[in-house]
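Before any questions on how it binds or moves, here is one chain, the form predicted alone, in structure tokens.
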């Protein structure tokens, strides 16, 4: 009887062995970086122009979602949060994305307008980290972008009360059917709870992977009325 139970109830070492193997495999995950050198003399004096140059390459070389960026925020208690959003425009005033104004991220942004954006393009061995302040864009700008969205995306903005708890996906389906019926014979307007934000940057960091983990890090920080360019140790 003892041997029967031993067969079906493995020892502690037998249970831990697969977990240890996974942990060891994770620790061995690594790659070597051999990207194009990046230095203070080669970058543009304007960080937005430098961003535009790198972004154009990413759009050309990255197959899926080159405009995906990690939005970092913190609430009034200092609890940080990150999530992936899509860049939908940028100019000399900042970087624009759209979301639900009643979502968890929107609550964070209302409590603390200091945010970060991170673009990571592993195939290019490049990363851009941006720090700045966020604010809502005008209703007119949000309306204009909303009109350009596919009908399904417009209906999705109406159907989902983002970040709220729901019983099942059937709730979303029922909401979608309801709004499909409501707007079946009319233009789908932008809901008041959905719109855009602009991040106005005050710091950029351009990261280029290099050999032996001696990566290139070039920082732009806004001082007075000018951008100061510095190199950071990796």
Ligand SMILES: Cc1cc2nc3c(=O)[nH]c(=O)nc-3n(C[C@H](O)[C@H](O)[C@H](O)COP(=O)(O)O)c2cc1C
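Computed from a predicted model, the values in this text were never measured in an experiment. Positions refer to the first chain, counted from 1.
The form predicted together with this ligand is left out here; the points below concern that form.
S.K.: Considering 113, 138, 79, 163, which brings a non-hydrogen atom within 4.5 Å of this ligand in the model of the complex?
M.R.: Of the listed residues, the single hit is 163.
S.K.: Counting non-hydrogen atoms within 4.5 angstroms of this ligand in the model of the complex, say which of 128, 74, 155, 85 makes the cut.
M.R.: Exactly one residue meets the criterion: 85.
S.K.: Is this ligand in the model of the complex close enough to 144, 180 and 186 that every residue in that trio has a heavy atom within 4.5 angstroms of it?
M.R.: No.
S.K.: At the 4.5 Å heavy atom threshold, is residue 118 in contact with this ligand in the model of the complex?
M.R.: Looking in the model of the complex, residue contacts with this ligand do not include residue 118, since no heavy atom lies within 4.5 Å.
S.K.: Would you please decide whether residue 159 lies within 4.5 angstroms of this ligand in the model of the complex, comparing each non-hydrogen atom pair?
M.R.: Contact check for residue 159: no, nothing within 4.5 Å of this ligand in the model of the complex.
S.K.: May I ask you to check whether residue 98 falls inside a 4.5 Å heavy atom distance of this ligand in the model of the complex?
M.R.: Yes - in the model of the complex, heavy atoms of residue 98 and this ligand come within 4.5 Å of each other.
S.K.: Determine whether any heavy atom of residue 46 comes within 4.5 Å of a heavy atom of this ligand in the model of the complex, and answer yes or no.
M.R.: Result no; residue 46 lies far from this ligand in the model of the complex.
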